[in-house]
Structures are given as structure tokens and as C-alpha cells.
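Only one chain is given next, in C-alpha cells, and it is the form predicted on its own.
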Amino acid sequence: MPTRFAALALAVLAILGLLAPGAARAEKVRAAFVLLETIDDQGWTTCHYDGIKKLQQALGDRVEVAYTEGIGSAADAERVIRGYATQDYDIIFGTTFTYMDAMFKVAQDFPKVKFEHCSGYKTRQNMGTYFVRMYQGEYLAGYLAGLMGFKNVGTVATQPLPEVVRGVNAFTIGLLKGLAESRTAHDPAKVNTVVWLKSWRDAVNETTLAQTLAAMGHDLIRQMADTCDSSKAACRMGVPAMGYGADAAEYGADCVLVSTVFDWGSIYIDRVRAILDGTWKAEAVWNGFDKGGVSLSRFNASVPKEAAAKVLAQKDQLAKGRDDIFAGPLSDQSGKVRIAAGQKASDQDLLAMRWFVTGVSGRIPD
């Protein structure tokens, strides 16, 4: 009787428009994931796979999971996404920006299927977006570098998109803060030199660019690629590095001072649970330290305890939702004030960011 009453209540709520479209409770959810690289790529896709495993551990037999690896093009993405939709999967996750237009197209054809796209901005009633606030980890990594006196960082950046520009800026803001606190003499206009891979992953060029930056006298290499080849190259050159996405030290980059780690599991669990309890709706999810979307690896033994404590104090503030990383005054490379004193960049400002802060050396390609 209670089950029949609950079903009747849900039906009434749906009729009254008090539940999200298609938001009936589910006993089990079939979730599919489209992955950019292989699950053992030691970076981006490994992190997403770790999130999938956390989803399975959290929900057990209430979730059925399928995934396809190595989908690098939009055309392949559309084929795979459409295939899962025709197989009646309840929700499909696209784990990289490349899939946005393909998913947007397929979502229109399958209104009963729910879609979640990572890092994009296009939405439908049945298609939401999700991301983690990577820039918060970048800021802390930069802050640590500055506290330790690194003043000539070389960054191997990936694609010239707002996601990457935002990360470079946050790292540089943290770096300048740390340099000021450590009273390290530095050129405030040139503390972080950026070179571009123009790819999410390219082991040969990641290695070459990191080696070149180290040979030019840069005192720290900042990895931003989906894998840790640039960090490992820095270690071989005797130059410390900062890892990105996954803990680079776990994959042989033992010179890494700390890695910024992304936890997609918290999002996957939340979105699938929303289907199970009938509350799913298309949203723009963007989780930081406050919701477990970002974390730091263990610090290298060479990191001074005082510096580590300062970084962790900043992390605690971010975990409480106090994010003032992009608070003004902030100027771009030309000296133009982009964020005035007393103001703070909005999420939309951050998602559209296409300018470098003072302190970055390098340009954003067209």
C-alpha cells in the first residue's frame, strides 16, 4: 500500500508540474560514458574512470555502467552517443569539450534520454553541463610555487580555450601572492612563461616543450596536459614540476611538488542519484573544493612544512566557499584593468575568459 501511495503521489506532483520533466523515480539507472582516451592514460581519462568506479561503489546494483574509450573526434562521438541513446541508456556522459555539438545534436533526437556534457556551455531541457573548478587547484599550486621562491615558471599549456586561460591566470595570481609573501625578488610582469601544445595530449611535444623550457632556465615546469609527460621530462632535467589532473608522482614524476587532482566521482554520483530519486534536471554543475570536485595530492618531501600549511589554510577557505581568486583589482598584460577593486569575476566571466593577467609571458593563439 505505501508503494502504491508513493507512486500516486509522484504522478500527482508530475501533473501539477512540481517535478522536473521526466523525473519519475527509477529503481536502476543505466549510465553510459564516452571517454577521450584509454582508461589507463595516467591523466584526464583515468580521472574520469576513477569517477566511474566511485559511482559503482556508491550505488552498487542500482547503476549499470557502460563506457567507450578512445573517442577523439566529434564524428565518432556522435556515432557512439547515438548508439547508447538507441540502446535506451537513461543518461549519457560526454567527458570532453570536443563532444559538445555532437551531444547537443543527439539530445534533440532523444528527449527521454538525459545527457551530461563536461566543460561545455550548450544545454537543452534534457542536456546539462558539468565541470570542476580546476582553477582553484591551479591557484594553490601557484601559491606554493611562489612561497618556495620559484619566479620563472614555464607552463606547457594545451588548447587556447577559456578553461586553460583561466587556469594559467589562477596559477599566476597564486604565484605572485606567494612570491610577495616569501619576499622573493621577481619581475612582476614575467613570472610565468606559457608555450602551447595545441593538443590535450601529445607525449612527444609535451616532452620537447618541457625540456626546452628547462634548458632556457625556467626553474619550475607546470604541466597542463592530460598526461604527465611534461612533468616526467622536467624530472629528468633536474627541474621540479607541478602535476595536473591526477597525481603525477604515482606515474613516475617524483620531482612533482604537488598535483592538482580532479574528482569526477562526486558529480557522477550526484547526477545518477538525481535520476533515482526523481529530481534530475538540466543544470550547470561546477564543483570546487567546497563539493569535493578538486583536491591536492600529497606534498613532495621537499616542500617546507610552513609553505604546505599556508597552502592548506587557503584550501580550507575555498572548501568553505570563500573563493576570491579573481577578485579585483586585476589587470591584463597590457596593464588594462579587467576586474576593478571591490569587484569579482562572475562564473560567466570565468567561463569566457580570453585574456592573460599581468605576470604571464606569452600570447593566446587565435
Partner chain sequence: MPGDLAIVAQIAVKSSVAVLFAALGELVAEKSGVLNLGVEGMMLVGALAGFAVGAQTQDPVLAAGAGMAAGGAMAMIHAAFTVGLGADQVVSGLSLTILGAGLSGFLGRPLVNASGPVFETLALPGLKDLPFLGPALFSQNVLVYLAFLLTPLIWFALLRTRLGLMIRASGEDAISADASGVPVRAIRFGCTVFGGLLAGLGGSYLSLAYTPGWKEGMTAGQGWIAIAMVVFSTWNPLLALAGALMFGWLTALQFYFQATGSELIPPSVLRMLPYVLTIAVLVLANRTGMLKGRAKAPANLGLPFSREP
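Note that the coordinates shown come from a computational prediction; the quantities given were computed from them, not determined experimentally. Numbering follows the first chain given and starts at 1.
Absent from the display: the form predicted in complex with the partner chain. The rest refers to it.
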Contacting member of 185, 215, 189, 75, with respect to the partner chain in the predicted bound form [4.5 Å, heavy atom]: 215
Position in contact with the partner chain when the complex is considered in the predicted bound form, options 207, 86, 199, 279, heavy atoms within 4.5 Å: 207
Residue stretch of 207-215, 123-131, 107-115, 137-145 approaching the partner chain in the predicted bound form, non-hydrogen atom distance within 4.5 Å: 207-215
Complete contact of 195, 236 and 363 with the partner chain in the predicted bound form (any heavy atom, 4.5 Å): yes
Distance check, residue 226 to the partner chain in the predicted bound form, heavy atom within 4.5 Å: no
Exercise: residue 38 in contact with the partner chain in the predicted bound form, heavy atom 4.5 Å: yes
Distance check, residue 42 to the partner chain in the predicted bound form, heavy atom within 4.5 Å: yes
Partner proximity in the predicted bound form: residue 203 to the partner chain, non-hydrogen atom cutoff 4.5 Å: yes
